[in-house]
Each structure stands twice: as structure tokens, then as C-alpha cells.
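This document starts with one chain, in the form predicted alone, laid out as C-alpha cells.
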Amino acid sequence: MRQFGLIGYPLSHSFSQGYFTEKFLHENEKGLQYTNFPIASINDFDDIWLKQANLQGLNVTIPYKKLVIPFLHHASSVVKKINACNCIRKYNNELYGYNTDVIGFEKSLAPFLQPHHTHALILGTGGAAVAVEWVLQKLNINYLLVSRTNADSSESGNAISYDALTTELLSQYTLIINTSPVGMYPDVDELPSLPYAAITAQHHLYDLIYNPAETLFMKKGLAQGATVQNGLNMLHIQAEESWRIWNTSTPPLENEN
């Protein structure tokens, strides 16, 4: 038996377990299991490996993408750079950490990018936001992080508050990425506080949320003529990248993308 799983808290609506369970059935993969491990504290991390002798890999979600790093023996250059890990491979009793969010985000965004998308707003400053930052830097897209208070700013120091979002600002920042949980099921009537009347057909709104499939944030964008997408394709891509990492003969030294 080869076992894989997901750590986070809570995990009542997680994507990964359903995805991999269906994948194993569809591809007729025998002797594989994917399990959710909803741990209330990162202090329970070591116990998972001690109690699950066949565990070979983990996905990591909120709130542990940063907190898990001290437990790693090896980390990819991306993990070291952005201080966030969402994929772990166990090999020779050592833990290798990767970030597959960066690959999932970049590949899923690519079909929607237009030449005028030169400035972006990142809503939220958590673990997913740092992966988005890394990709935007790679693509030479200028960005601002938007947080509830400027004190929540990231290490890059370029965060503003929602109160600073004006019509003039949105006319320049035509790519808007929601990395916060605002609008996620069951709170489907919530949405980030933006001047939605300033959104135009030049804008693209990317909500990393996938449940519901169309958030109120996305609906507001569509009503203004913008293009929109949710986070489901990103999840598919990052899940397949996790599977690749778990099945290489030896752990890749870098998280290639």
C-alpha cells in the first residue's frame, strides 16, 4: 500500500482527496490511498508520519504552507524563495518540500493573459498570495497586494489597504487575483470590497476559490464585461505536478516549471 494525503485545518471541503481517489479508480491504480489529515496544530505533524508507515507524500493547505517548512529536510528553490510549501515527498526517511501552486497558477492563467495585463492586484497576503507574487515577478507583471490593513503587508512591502482602491487605480490594474477565502462556501454572499463599477472588459478576474464554481466576485466581474476564472484548473495542474513529484525515482532537486 502506498499512501498519500492532505494536511490542513479544517478539511471538510477539500479538493485533493476526491481528485486523487477518482484518479486512482479511473487509472486502475492498485494499492493506493489518499487520506485527509485535519490537524488542529502543526505540532501534530510528526505524529502523522509516525502513525502512517506507508505514507509517501502529502499535500499541504491552509494554514500550514509556511508552518510546515521547519519540518523539511530539503526544500526546492521556490519554497526557499517564497517561504511556502504545499507538496511534500518522503524519500529515504527525509522530507522534500515543493510548491506546486506556482506551476498551477502560471499555467492556468496563461490562456487569459493579454498584452495590456501589465499591472495586477493580489487580494490577500497568505500562503497562496506568495505563490502568485512569484509568478507575477517571473512574468514581469507589476503588482500590489491588497490587505485589510497595510500592517498585513508581505515581505515585498508593497501592500495597500482596500480603502486605497480607487477607480483610477483599477483603470491601470486590470488583472485582479483573489487569493483570500472571501466568498468561499458556505459564505457565498461575501465578496472582496472593490469599486466594481470601475471594472471593464479590459479586466480579468481570477478567483483562486473553486467552491462555488462562480463566486460573487466573479459574477460582479462578468456583469461589467470582464473575463473571469476560478481556481479549479489551477488545482488540477498542481495536483498532477504533485503526482509527478511523488512518482519520480528520486526526488527532483528543483520544482521545475
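These numbers come from a predicted model, not from an experiment. In case it trips you up, residue 1 is the first one in the sequence shown, and so on.
Form predicted together with a small molecule: not shown, discussed below.
* With the small molecule left out here, work out from 202-210, 217-225, 24-32, 39-47 which stretch has heavy atoms within 4.5 Å of it in the model of the complex. => Going through the listed ranges, the match is 202-210.
* Asked: I62, A128 and G231: each with a heavy atom within 4.5 Å of the small molecule in the model of the complex?
  -> Looking in the model of the complex, the three residues I62, A128 and G231 all sit within 4.5 Å of the small molecule (heavy atoms).
* Asked: Though the small molecule is not shown, can you say which of L144, L72, L170, V182 has a heavy atom within 4.5 Å of it in the model of the complex?
  -> By the 4.5 Å criterion, the partner-contacting residue is V182.
* Closest heavy atom of K81 to the small molecule in the model of the complex, within 4.5 Å or not? -> No, K81 stays farther than 4.5 Å from the small molecule in the model of the complex.
* Give a yes or no for G124: in the model of the complex, does one of its heavy atoms lie within 4.5 Å of a heavy atom belonging to the small molecule? => It does: once the small molecule is placed as it appears in the model of the complex, G124 has a heavy atom within 4.5 Å of it.
* Give a yes/no on whether H116 approaches the small molecule to within 4.5 Å in the model of the complex, heavy atoms considered. => Close contact is absent here: in the model of the complex, H116 is far from the small molecule, nothing within 4.5 Å, heavy atoms only.
* Contact between Y162 and the small molecule in the model of the complex at 4.5 Å, heavy atoms? -> Heavy-atom contact with the small molecule at 4.5 Å: present for Y162.
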